[in-house]
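Shown here is one chain on its own, the form predicted on its own, set out as structure tokens.
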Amino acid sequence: MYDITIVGAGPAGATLARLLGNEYKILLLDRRRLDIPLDSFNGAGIEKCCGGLIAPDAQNMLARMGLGVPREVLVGPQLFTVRTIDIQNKMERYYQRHYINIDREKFDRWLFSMIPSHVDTLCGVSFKTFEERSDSLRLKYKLNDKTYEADTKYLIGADGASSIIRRRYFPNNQIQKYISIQEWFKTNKRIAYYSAIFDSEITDFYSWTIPKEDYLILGSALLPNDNPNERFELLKQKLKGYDFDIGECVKRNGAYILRPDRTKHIFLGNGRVALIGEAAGWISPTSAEGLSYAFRSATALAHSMKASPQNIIEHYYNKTKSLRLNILSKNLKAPFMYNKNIRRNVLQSGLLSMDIYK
């Protein structure tokens, strides 16, 4: 019998396991092979579709947890500028903002490496289902084409936007999903900024470019049922008028991301089941930044499990009040970014923007 089973060993799940692993008997499951060297995959592993930038809020959480990103996780260039491109209004502005540029796969493996050794970790696992018992939950998961069972007192869903636990156990608490498509392009240009691109003909969310060493990532958050591939191709056509080196794609990946446009979309769980990270809906509705929310929700739940084991969900709800207010404030900010006319007025004002000397 496990005290806690965590499904998902990304930033939220790995952080929770690290914080609780010395006090509880924990089982951690993940579909990725985080337990073997990265070069063992020969390019065939499961790669998370992520821009790989640590925003200031996530940097703050790393500082609070006493963590410093190791050199081998970093990639160049380090970024201090956001280039905002409004295609519809034909306007651009630059803003100062510091991002830590990382290899996301190596970042996740670094977090995984800090999990206490006596936590039972199973990688390459497909979580299937669970059933409630009088004083526990019985889980089923698949490993190497064989189905196994395990009993646990608490189940934690840290399995991202497509959380199987949220979908199956809480089917009436779903959130608008977008599909994030990214393509990588080889480039010789030196680009020292992250760009945020707005055009409602492409998406009612946003698109982006991120430099990674000798590559440029182009990505967009698109509605799954609104011809996402066609709209992504249109984005590439529109960007030909800008100074991006978009040639032949060398790599393409995709994933679902959530957009909680109201606080009721945040669902923390019920009874013996809790959700953290994006599985709970913790992600920025304006930028899709998720690392800070993964860390904050994991630390809040860890505190709740220690402080109030009889009322975990209620304590977790109270502990994340400021995080819900954060989601609310970002939704109030959203029209200034996503309404064409309001955005034009903001960009015209030049508020908080800066000039670039070339």
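Numbering starts at 1 and follows the sequence shown. None of these values were measured; they are calculated from a predicted model.
FYI, the form predicted in complex with a small molecule isn't displayed, but the following is about it.
Here the chain stands alone, but in the predicted bound form its contact with the small molecule, taken as any heavy atom within 4.5 Å, falls in 118 to 126 among 118 to 126, 241 to 249, 80 to 88, 224 to 232. Annotation: in the predicted bound form, residues Arg93, Ser207 and Tyr338 none come within 4.5 Å of the small molecule through any heavy atom. With the partner omitted from this view, the residue of Lys319, Lys330, Arg31, Arg324 that lies near the small molecule in the predicted bound form is Arg31 [heavy atom within 4.5 Å]. The listed set Ile257, Leu268, Ile197, Leu155 contains one residue whose heavy atoms approach the small molecule in the predicted bound form to within 4.5 Å, identified as Ile257. When the small molecule is considered in the predicted bound form, Leu291 lines it closely, a heavy atom lying within 4.5 Å. Interface residue remark: Val7 is counted as part of the site for the small molecule in the predicted bound form, having a heavy atom within 4.5 Å. Not displayed here, the small molecule is kept clear of Arg109 by more than 4.5 Å at the level of heavy atoms in the predicted bound form. Cys50 belongs to the set of residues with a heavy atom inside 4.5 Å of the small molecule in the predicted bound form.
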